[in-house]
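One chain comes next, on its own, written out as structure tokens in the form predicted alone.
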Amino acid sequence: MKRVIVIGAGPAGSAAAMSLAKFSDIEVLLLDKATFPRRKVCGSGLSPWTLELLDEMGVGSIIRKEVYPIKAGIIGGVGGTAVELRSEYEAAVLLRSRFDTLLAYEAARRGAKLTEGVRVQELIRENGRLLGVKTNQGEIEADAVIVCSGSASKLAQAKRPGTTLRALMGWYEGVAGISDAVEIYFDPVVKPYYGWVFPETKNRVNIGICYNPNIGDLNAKQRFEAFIENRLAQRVKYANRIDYLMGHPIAITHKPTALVQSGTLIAGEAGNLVDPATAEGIHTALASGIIAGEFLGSRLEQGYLPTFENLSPYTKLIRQKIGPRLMAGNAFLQVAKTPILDFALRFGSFKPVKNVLNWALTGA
């Protein structure tokens, strides 16, 4: 019996655990430092491709029972012009505390041993070979590990191309003009990134910004307040903010790199696998978790030792299956840095332009 420890029970970790649980003679330990439900700073948007992937995982019906359905998207540029896009695409919003809980508990139902409140402090190695992990509750032996512990993880640090962005968001009730649409605005205070308004219920929304802290001289709170003033001042006039603002780093890349160590695979935000344009990481987390679980499970089942050499093809798999979407996101980001997006929005009523914007909003 082989033992694999999955560190982090977010979307990447839960997907990896579900994939590993399909293999015989593999004990799957799914560890998370938090206790579910736990909060996560995220817009909580589930793209069409994410919903499709959840269906393939066999959990789509579970998630859809609780989501707020999204039927449209509103995208606005620097000049104030906004276009509403409606198409056959289906999207949704589900608070991450609930989404992550459903996935983690489903992984446990399928055979993974979910243990909450366990913080992994370091990977234990001897002469380069993985022996296990050191936690706040003692050491645990393991044959292999999948690190899915997020962008702030120090367990799988390596030089990777990309940038670390910042997100700041809050929750509001009573915002005027909320419908079945998500709203994305490429406002000057955050461009080439954006601010958003995502409805979670008919009365509650999350409002946030994603930005590069190295561009501009405003701090996070100043940018957030400027975004609210520029885009939403009248709509939030009589709204109530729930709780305090929350921030979070987001590590992005367009080229997956350094995802393998001896006995170790890295998935999700721990490997910077986040869309460079939208900073959306749920889809890539799920996809990379599935790939990591299936690849490692098949290697162990076939009798391979989890050496660096035997695990190294994993990075190529990630590049093949996730890389094109990350590259497309990077291409859109380069466009967002120019006046092209604002020019396109001026002609947003034309079908070819709407088709391109639909692709950008739902795909890239």
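Every value quoted in this text rests on a predicted model; they were computed, and no experiment measured them. Residue positions are given as counts along the sequence shown, with the first one as 1.
Not pictured, yet referred to below: the form predicted together with a small molecule.
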{"item": "Heavy atom of each of Gly10, Arg38 and Gly281 within 4.5 Å of the small molecule in the predicted bound form", "value": "yes"}
{"item": "Non-hydrogen atom contact Leu326 with the small molecule in the predicted bound form at 4.5 angstroms", "value": "no"}
{"item": "Ser149: touches the small molecule in the predicted bound form, heavy atom cutoff 4.5 angstroms", "value": "yes"}
{"item": "4.5 angstroms heavy atom contact with the small molecule in the predicted bound form for Arg119", "value": "yes"}
{"item": "Contact test in the predicted bound form: Leu265 vs the small molecule, heavy atoms, 4.5 Å", "value": "no"}
{"item": "Candidate from Ile318, Val28, Cys42, Leu54 lying within 4.5 Å of the small molecule in the predicted bound form - any heavy atom", "value": "Cys42"}
{"item": "Contact residue in the predicted bound form, chosen from Ala285, Ala107, Leu259, Ala292 - any heavy atom within 4.5 Å of the small molecule", "value": "Ala285"}
{"item": "Interface segment, criterion being heavy atoms within 4.5 Å of the small molecule in the predicted bound form, picked from 228 to 236, 70 to 78, 137 to 145, 164 to 172", "value": "164 to 172"}
